[in-house]
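Coming up is one lone chain in structure tokens, specifically the form predicted alone.
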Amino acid sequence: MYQGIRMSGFGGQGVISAGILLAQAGLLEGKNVSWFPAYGAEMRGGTANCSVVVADDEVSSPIVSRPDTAVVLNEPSLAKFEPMLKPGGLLIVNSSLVNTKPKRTDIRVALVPCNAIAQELGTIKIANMVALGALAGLTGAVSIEAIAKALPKVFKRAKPEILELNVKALKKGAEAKAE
């Protein structure tokens, strides 16, 4: 199994921390992982993305230029990462913020209203966890259980109720379906 993943969105949407969490979950499952962040303007509102590789074999490069899966949390990310996806790849789109429909017909698409689901659960701040849950559910790269176990390792100061809320968001995201 090899999953090359690109996650992208505005700074402040939790893209980088979701990538760290994904990599940590892979480690907990005994997989080989890499995590490589990239930033636009180094502040909220700039763009941020990261490459994550989760594999059974050695990871030859931390940079994912032709991802198997792309998670896009905002409109500019769709424009940038849809063309990079491998044919047959999976595109997970935050349909709460992305109004443009993906153009490619040779990929699978999951339109997930990440912000709306997060808001229903009580806070927009967990939209990244909804997206991460969708990724885990649709790809099997890591399990929801491994991500849940990774949460306190990555977010060391988070209160138990916040960790629990993140797990709820992961589980809601894992219900997503791809077209």
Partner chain sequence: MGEKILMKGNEALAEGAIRAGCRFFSGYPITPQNEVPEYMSWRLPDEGGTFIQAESEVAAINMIYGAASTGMRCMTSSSSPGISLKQEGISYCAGADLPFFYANVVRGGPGLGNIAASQGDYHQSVRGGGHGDYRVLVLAPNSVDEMANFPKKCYELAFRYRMPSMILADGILGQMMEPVEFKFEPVDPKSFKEAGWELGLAAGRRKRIVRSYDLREGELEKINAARLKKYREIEEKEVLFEAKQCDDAELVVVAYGTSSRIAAAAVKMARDKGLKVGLFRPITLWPFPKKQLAKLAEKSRKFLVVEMSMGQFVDDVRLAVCGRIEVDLYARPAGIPSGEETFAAVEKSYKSMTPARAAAPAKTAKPKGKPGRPRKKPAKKAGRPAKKTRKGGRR
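None of these values were measured; they are calculated from a predicted model. Positions refer to the first chain, counted from 1.
The form predicted in complex with its partner chain is left out here; the points below concern that form.
Heavy atoms within 4.5 Å of its partner chain in the predicted complex are found in one stretch of 121-129, 138-146, 25-33, 107-115, which is 25-33. Its partner chain in the predicted complex is approached by Asp57, whose closest heavy atom lies within 4.5 angstroms of it.
Taking non-hydrogen atoms only, Gly46 never approaches its partner chain to within 4.5 angstroms in the predicted complex.
Its partner chain is not shown here, and in the predicted complex it never comes within 4.5 Å of any heavy atom of Val167.
Its partner chain is not drawn, but in the predicted complex it has no heavy atom within 4.5 Å of Pro152.
For the candidate spot formed by Tyr39, Pro62 and Ser65, every residue has a non-hydrogen atom within 4.5 angstroms of its partner chain in the predicted complex.
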